[in-house]
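Here we start with a single chain on its own, the form predicted alone, put down as structure tokens.
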């Protein structure tokens, strides 16, 4: 008896870290945001989700496994993605009778992250981007990244931006069905490849308030939030796109830090207050401020930003590696996990800024590891299958 064929496709998908933040939903079911956002896609060599999607007539149930742990595949968000992808495949099969009938087959999805989940490192964004891209490739869908971003958005809002490399915007859209709430490329990785990021992992523990529940509480209770949506974000989106297209790092840095501060101010303005930042986070902010204050021309050479968690992401250009990453290496010590790789070994350790010894000690005690990375490309199809 012939063995039943198993069809497989595997994908690496990247993490993205927003510099203009997405927070709040105008439609929770469709994951439609209250404001547009913009992010930097980080290198998959350092941060990625690896997902294999397979289907076969021999599979009797659908399963989803993440980091070797079974997950609930019946959730509305996951099912929304699977349903739309299946419908697209079914349309292909109806128009071409020679295609194998994959759409009725059960799916087996296996994913592995190389970074801590639920710790403010955009794990769900990379995860749903990898899920959608791997199934789209399995089904041989002709859909563009923007078209797939509409589907991935329903799984995790920020996932729509992880369908692209480089610098990516997510248009909030105005249509009730979410058809225009999609991601688009602002600039490719090659446009500004000098961008670097140092991630200070202050906590790898699951955060107390999830992004989903946190943003809905902010929408419901923060008076500052509405001002952010209506008066702050639109101008910053325009300014950030301009800064990226002109490769203007001082403007990029200024907007990045202001928007991070504003986002966390709305969290503080929520009732009860949401405190994603901790003492380690605030110490990182102060060190970045000290680095920028000592810059020769008075223009910022690094930019901190924080998602819904305590981990600092510090952006800088390759030409300022020693002036930025080097200071943090001098404070944290070269023996800390993360400096041992090629990228870390090449960083020359600097000294603690004058007058910031105590701040440096707080930072040193609170950071468990560092991740050095850079702007990266979009999802990659790979031949390494997990199942």
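Residue numbers count along the first chain shown, from 1. What you see is a predicted model; the values in this text were computed from it and never measured.
What comes next is about the form predicted in complex with another copy of the chain, which is not displayed.
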Out of 247, 299, 227, 106, which one falls within 4.5 Å of another copy of the chain in the predicted bound form, going by heavy atoms?
227
Checking 94, 279, 147, 194 against another copy of the chain in the predicted bound form, the residue with a non-hydrogen atom inside 4.5 angstroms turns out to be 279
Stretch from 71-79, 262-270, 130-138, 166-174 whose residues place a heavy atom within 4.5 Å of another copy of the chain in the predicted bound form
262-270
Looking in the predicted bound form, any heavy atom of residue 223 within 4.5 Å of another copy of the chain?
yes
Using a 4.5 angstroms cut-off on non-hydrogen atoms, would residue 289 count as touching another copy of the chain in the predicted bound form?
yes
Taking any heavy atom pair closer than or equal to 4.5 Å as contact, tell me whether residue 251 reaches another copy of the chain in the predicted bound form.
no
Using a 4.5 angstroms cut-off on non-hydrogen atoms, would residue 258 count as touching another copy of the chain in the predicted bound form?
yes
Within 4.5 Å of another copy of the chain in the predicted bound form, do we find a heavy atom from each of 7, 50 and 88?
no
